[in-house]
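Two forms, one chain: they're shown below as structure tokens, one block per form, named structure 1 and structure 2.
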Structure 1
Amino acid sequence: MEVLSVQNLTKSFDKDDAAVNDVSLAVEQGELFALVGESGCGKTTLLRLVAGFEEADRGTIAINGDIVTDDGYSLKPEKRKVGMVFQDYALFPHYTVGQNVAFGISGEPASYKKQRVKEVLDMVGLHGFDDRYSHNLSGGQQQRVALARALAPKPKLILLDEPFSDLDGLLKDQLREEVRNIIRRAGATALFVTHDMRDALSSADRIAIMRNGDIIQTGTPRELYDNPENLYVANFFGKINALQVRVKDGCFQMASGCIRDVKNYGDGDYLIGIRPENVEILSSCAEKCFKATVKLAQYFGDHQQIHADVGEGKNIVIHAHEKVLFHEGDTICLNFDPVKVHVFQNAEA
């Protein structure tokens, strides 16, 4: 069942550029769905349109089957039955934790509010924090209070705007897993915005990559990592080596060698990409290997990152896990697995 359906949604703040450009997406019940992109790509505007904080120029939004946005119609945010977790948490400093959470269920009987506040605080691991104030809480605890407030009304959809951006590295890793588990236990569906692909990879069931107001690819983390449709998507998942090659006689030809057994590509010029962890350093040079010269070797404990020249001034990055350490000036022999090579029509496509 679709908890959120967005169809042909468009929003412009000026005449020249659309912040959200004819976007369509669906979020299924129980999913954690991430909108990912660089600053200014339209992801936060899309989230605000779903929340009702912005009005669309055209398009339709349905939440749990109910139309909340249509051409010329926009249901008020408080009527949409969604929970919102803001980037800065937006906790009331003069309210206690319990009062902040209860704010999300105003209008209910006092006995119900008290019981529901206890339930959601227990759910987010803040049992007994009812009477504390936000300035006495850590960043991670404030995050959980904001999530508890959003969950209190039992919404069908939770919206989270950059939920981990204000947290440091170790706390961020911990909170990602905690927030995912809390939303799962609550039986909620979530749409969250992030510019950090690690947030999306570790938390989301599906991801939509946005660029210049458009969704350019949607899929599971594994689908997007293994089958990016273009170099832009591929680069979101970390370093990828991009090389211009020519296909001839069933092989990708480069100055230092040829990747053989290439299938389904006619003769011509292509842009290929291969990730550092998918370049193999051979213990000895074989007939079909590539020779390269080490330009820089950096030791990171669990791997060595090598920058190597593969000819014609083309450098690639390799993640080497071998016990042998390499040094500047070393000649190394490389193998490219054709199955791990991504083929793109051009740098932008």
Structure 2
Amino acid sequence: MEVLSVQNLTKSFDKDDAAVNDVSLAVEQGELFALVGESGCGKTTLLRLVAGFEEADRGTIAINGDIVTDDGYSLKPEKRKVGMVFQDYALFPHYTVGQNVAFGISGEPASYKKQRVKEVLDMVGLHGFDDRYSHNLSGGQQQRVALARALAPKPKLILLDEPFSDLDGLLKDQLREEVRNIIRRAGATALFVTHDMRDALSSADRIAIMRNGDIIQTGTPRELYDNPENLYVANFFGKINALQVRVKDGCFQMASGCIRDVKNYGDGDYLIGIRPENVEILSSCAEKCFKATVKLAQYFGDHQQIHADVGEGKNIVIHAHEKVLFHEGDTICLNFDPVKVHVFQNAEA
């Protein structure tokens, strides 16, 4: 069942281009859904629309099958029963951890409240923190309080805005794992936004990629990695070389050689993306390779990063794991496995 269903949602602020532009997405029961995009692409706005803090210009939002936003109608945020974890946590500074967590549990007897607060704090690993104040807690702890507070009223859907952006290093890795487990254990459905693909890859069941208010592609991490719709999506998984090439006579035509078109794309112009680690340096040049000149070689211990000119002024970045060191001016022979190349039909840079 769909816990969240968003259809053709559009929202513009005073400017001409919409912050959220005709967005549709669906989040299934129990799913962890990540929304990934660069800063300013409209992620927070989309979350705030779902939470009811902003009013949509057009489109509908349904939570658990109930329409909460529809053409001029917008259910108040306090009636939506959606949990939200804010980017800077928004813990109430005058309340203790326990009071923060209890805030959203209403209409229940005091004994239940107390028990539920304990339960949720245990769940996030903050047993016995009830009487502390948030300003005495570390960033990671504050975040877990925010999560506990959002989970306490047992919302159908929980929204998280950049949940890991203020944390760093090891803490961030641990917390990603932990948050994922907590949400799973709570049986909640979550929609979270981030600008860092690693956050999404390590926690999300499905990912939607956003750009300038549009959703470009939705899928499982695997699907997105294997079949990115365009370079923008592919870029989120790390550096990728973009080359404009022509396929002719069953061959990718490079300035200095040809690579066989084993996948049979057929003749035409293509934009292809090759990851630096998928470019192979051959010890000698065979028929199925192309030549390049090293422009810059940097040694990083486990690999060398080589910037090479492949002719016609086009540059390519290679991560070489060979023992031999390369130098500026060297001529090298390159090859790539056509299977590992992303070919974008819509030749969009």
Partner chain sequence: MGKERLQNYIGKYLSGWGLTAILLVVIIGLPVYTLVYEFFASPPDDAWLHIRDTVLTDYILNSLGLVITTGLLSLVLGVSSAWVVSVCEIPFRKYFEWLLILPLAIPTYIAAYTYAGIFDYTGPVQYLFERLFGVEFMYFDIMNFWGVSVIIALVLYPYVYVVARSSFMNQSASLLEAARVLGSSSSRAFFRIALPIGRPAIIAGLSLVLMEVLNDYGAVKYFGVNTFTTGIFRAWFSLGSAGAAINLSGLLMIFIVILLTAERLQRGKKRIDEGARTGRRIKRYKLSGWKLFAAFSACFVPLLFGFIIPVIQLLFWSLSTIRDVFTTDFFVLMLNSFGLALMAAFLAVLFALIILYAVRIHRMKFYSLLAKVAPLGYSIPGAVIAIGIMIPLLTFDKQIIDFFESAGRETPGLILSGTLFAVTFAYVVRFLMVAISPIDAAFKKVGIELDDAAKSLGANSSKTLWKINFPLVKSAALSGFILVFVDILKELPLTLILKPFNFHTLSTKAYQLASDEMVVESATPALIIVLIGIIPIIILNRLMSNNA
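As the structure is a computational prediction, the values presented were derived from the model and not from experiment. Take the two forms, find the largest set of C-alpha atoms that superpose within 1.5 Å, and that set is the rigid core. Start at 1 and count along the sequence of structure 1; that gives the residue numbers used here.
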Practice item. With both forms of the chain shown on their own, indicate which is the form predicted in complex with its partner chain. Key: 2
Review point. Core-aligned, does D17 move its Cα 2 Å or more between the two structures?
Key: no
Point to revise | Flag for L46, CA shift 2 Å or larger between the two structures after aligning core | key: no
Point to revise | Threshold 2 Å Cα movement between the two structures for E108, core superposed | key: yes
Practice item. For Q298, tell me the Cα shift between the two structures once the rigid core is superposed, in Å to one decimal. Key: 4.0
Point to revise | Cα shift between the two structures at G329, which is computed once both forms share a superposed rigid core (Å) | key: 5.2
